[in-house]
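Before any questions on how it binds or moves, here is one chain, the form predicted on its own, in C-alpha cells.
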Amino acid sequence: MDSVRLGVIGLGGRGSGLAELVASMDDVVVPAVCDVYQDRVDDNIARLKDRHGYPVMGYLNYKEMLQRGSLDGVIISTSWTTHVRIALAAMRAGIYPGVEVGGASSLQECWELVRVSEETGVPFMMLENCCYGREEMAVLNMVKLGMFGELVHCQCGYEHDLRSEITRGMENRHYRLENFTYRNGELYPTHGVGPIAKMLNINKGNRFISLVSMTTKSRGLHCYATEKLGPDHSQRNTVFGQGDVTTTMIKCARGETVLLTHDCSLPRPYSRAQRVQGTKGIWMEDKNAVHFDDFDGERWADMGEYVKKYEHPVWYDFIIDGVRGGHGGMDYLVQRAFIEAIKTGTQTPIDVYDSVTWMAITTLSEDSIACGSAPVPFPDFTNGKWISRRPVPDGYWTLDGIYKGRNPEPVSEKKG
C-alpha cells in the first residue's frame, strides 16, 4: 500500500505528540482521533487540520472509531490499564494495534492478546521506542557480531525522577498516580528489558523461566507531596502502595540472569541502567564505556567511539537523512517500523510474544512481592515454540539481528 491510515486513541501529551509525528510522514494519513476528554479531541482535530489540511473525525468512544472501517492501524496511547482491551478490539476489527508501553495488569490479559492475535492473524506491536535507541542498536550489532562473547548477565531498568508528574496526576489527568497509589511492583519494565530481551534472543531459542522481586518502603512521594505541593493539596495524605525502589531478577532458560530496577520516587538523574556482560567483554550505559578481554589492564574505552564504528544500519541511514522525532529520534524509528509492517502486511519486529513477555514482568513482580519476594514461574507465551523459533534478520527493521542488505562504513568516516 502506498499510504497508511492511522487512528490515534489517547490524546494526552504522549498521544498528541505521536499524532503529529506520524501525520508529518508523507505516507501516513491520520483521519481519526479519540479520547475520553472532548477538549483533547477538539485540540487535536484543529491542529491536524491546520497543519495538514485534511478532515479529521473525532471520537469519545474507541469502539465507534474502530468500526468506521477505514483504518489500517491504530496507535494506542491511553492509560496503562486500558491498552489491552483496546488492542483486542482493534485486532478483532482487522486493524494493526501499536500500543504504547506499560506493564500488564494480569496474566489473563497477556494470554488473551496472544490468543486473539493468533486467531485473527493480525500482528500486535508494543511501541517500545528504546529498542530503536542509537546506543542500544549499536550494542545489538556488537552482540550479534560476538564481540561480548557468550552473554552471561544483563542489567536494565527505569530510573527516572517522576515525583512531580505522579503527585500532580489529578490536575494533569495522568494515569501514573493511581498505579503508584494502588500497586506495588515493577511497573515500567519494557524500556529496559526490551532491548536486552532482543540481545538474549528471548522467545527465539531462549526464554524467561522465573522471576523474583522485592521492593523498599514507600517514602519519596509522600515526602515530595508534603514539602512541595502545599498544605491543601490532595496528595499530602495519600498512602502510596508503590515502593520507592523495586528490584527484579529474572532467570533465563539458557542460564543468563537479568536484573531490573524501577526507581521513580526519589531524586536522581535519568538512567536505563543498562549493562551487557559476556565472556569477552562488558558494556555499561552509566559509564558510557566498554571493556574487552583483550584490553591491557582494567581500562575502559569510550562507548561513543564504538557507537560510531559499529553503527546499526538503521541509524546509519537515519543520521544521513536527518534525525527527527522525540526521545532523540527513537519515537520516529519505532513508528516507522510499525508503519512499514502495516504497508507490507507483515509481522511486526516486536511481535505479540515479545510484547506480552515484557508486559508480564509487572504482574509477576506484584505477585512475587505480595508473597514475600517468593520466586514465581514465568509463563511460556509461545507454548513451546521458543525452542524451534530462531532469530532471522530478514528485514530492514528487524531487532533479531542485523539486516544483511546493508553493511555501511562508519558514519564519521563517510562524512570525513
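Counting begins at 1, following the sequence as shown. No experiment lies behind these values; they were computed from the predicted model shown.
Although not depicted, the form predicted together with another copy of the chain is the subject of the following passage.
Mind checking whether each of Lys217, Glu227 and Thr247 has a heavy atom within 4.5 Å of another copy of the chain in the predicted complex?
-> Verified in the predicted complex; spot residues all in contact, yes.
Name the residue from Glu165, Asp317, Glu150, Glu305 that puts a heavy atom within 4.5 Å of another copy of the chain in the predicted complex.
-> Going through each option in turn, the one that passes is Glu150.
Contacting member of Glu128, Glu136, Glu311, Glu256, with respect to another copy of the chain in the predicted complex [4.5 Å, heavy atom] | Spelling it out, the residue with a heavy atom inside the cut-off is Glu256.
Consider Ser373 of the chain shown here, and say whether it contacts another copy of the chain in the predicted complex, taking contact as heavy atoms within 4.5 Å.
-> Output for Ser373 is yes: heavy atoms within 4.5 Å of another copy of the chain.
Is there a heavy atom of Pro267 no more than 4.5 Å from a heavy atom of another copy of the chain in the predicted complex?
-> The answer is yes: Pro267 has a heavy atom within 4.5 Å of another copy of the chain.
Does the 4.5 Å heavy atom contact test between Lys287 and another copy of the chain in the predicted complex come out positive?
-> Yes - in the predicted complex, heavy atoms of Lys287 and another copy of the chain come within 4.5 Å of each other.
So, in the predicted complex, is Ser210 in contact with another copy of the chain at a 4.5 angstroms heavy atom limit?
-> So Ser210 counts as contacting another copy of the chain.
Which one, 274-282, 87-95, 113-121, 168-176, holds residues whose non-hydrogen atoms are within 4.5 Å of another copy of the chain in the predicted complex?
-> So the stretch in question is 274-282.
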